[in-house]
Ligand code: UDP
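The chain below stands alone, shown as structure tokens; this is the form predicted alone.
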């Protein structure tokens, strides 16, 4: 399996989408939970300010580059990642593969009713995907033991956690030892997309690396968070300049 590329201290697996899928299929043979995280530029910037988050990301068995900004940074640093492997597209690949290997899922996240709606839509498109349970993402800490029991009782192979970053990564890391699923994957807003309560950017914008612009138009309140995108590129350029001076 290809090696990793260091993007500001976050070690990203240098894989294509197909290689990532192969790794996921290998994880389904594991006896212990395997973690998958999908950091984009914003999450990597959060990790530069949060050592715990950086440690958690680097503890995962698979970390894929979710976003054009991460790919651009790797090019600027002359250690180019093969391609963007977005979380939503990887989940779609896993679901498509259920035609060859029936696979079971539990979905945790979204507003009340959203995971249920996502389950209906997924089963409509992928009849061999088994959705063995779901739970919305609005819960208190004292409810976690019951949620873990619900997940474990379902015997689902893959747990999709859509609590938003960095909450989902920290939740997965904290409770990985108590969960019986083979794969624990942070999926951000993917559950909303499968439910139809949120939409992906048009394909031409995704290919052009303009998903951030689509999200900003749809959710202007994200503007403050999105300042991390230019900060991310500036940090990358600073690093390259510093590295050249030190050579």
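Positions refer to the first chain, counted from 1. The shown structure was predicted, so the numbers you read here are calculated from the model rather than taken from an experiment.
The next section is about a form of this same protein that is not shown, the form predicted together with the named molecule.
Visitor: Hey, in the predicted complex, is residue 206 touching the named molecule, heavy atoms inside 4.5 Å?
Guide: Judged by the heavy-atom cut-off of 4.5 Å, residue 206 is well away from the named molecule in the predicted complex.
Visitor: Give a yes or no for residue 189: in the predicted complex, does one of its heavy atoms lie within 4.5 Å of a heavy atom belonging to the named molecule?
Guide: Residue 189: contacts the named molecule in the predicted complex.
Visitor: Is residue 92 near the named molecule? Define near as a heavy atom within 4.5 Å, in the predicted complex.
Guide: Output for residue 92 is no: heavy atoms all beyond 4.5 Å of the named molecule.
Visitor: Under a 4.5 Å heavy atom criterion, is residue 137 part of the interface with the named molecule in the predicted complex?
Guide: Judged by the heavy-atom cut-off of 4.5 Å, residue 137 is in contact with the named molecule in the predicted complex.
Visitor: Just to confirm, with a 4.5 Å cut-off on non-hydrogen atoms, which of 96, 117, 167, 155 contacts the named molecule in the predicted complex?
Guide: Residue within 4.5 Å of the partner: 167.
Visitor: With the partner absent here, would 12, 65 and 173 each sit within 4.5 Å of the named molecule in the predicted complex, counting heavy atoms only?
Guide: Per the other structure, none of 12, 65 and 173 touch the named molecule.
Visitor: Of the listed stretches (176 to 184, 22 to 30, 54 to 62, 189 to 197), which one has a non-hydrogen atom within 4.5 Å of the named molecule in the predicted complex?
Guide: Single hit among the candidates: 189 to 197.
Visitor: At 4.5 Å, heavy atom to heavy atom, what parts of 81 to 110 sit next to the named molecule in the predicted complex? List them in sequence order, or say none.
Guide: 109, 110 sit within 4.5 Å of the partner.
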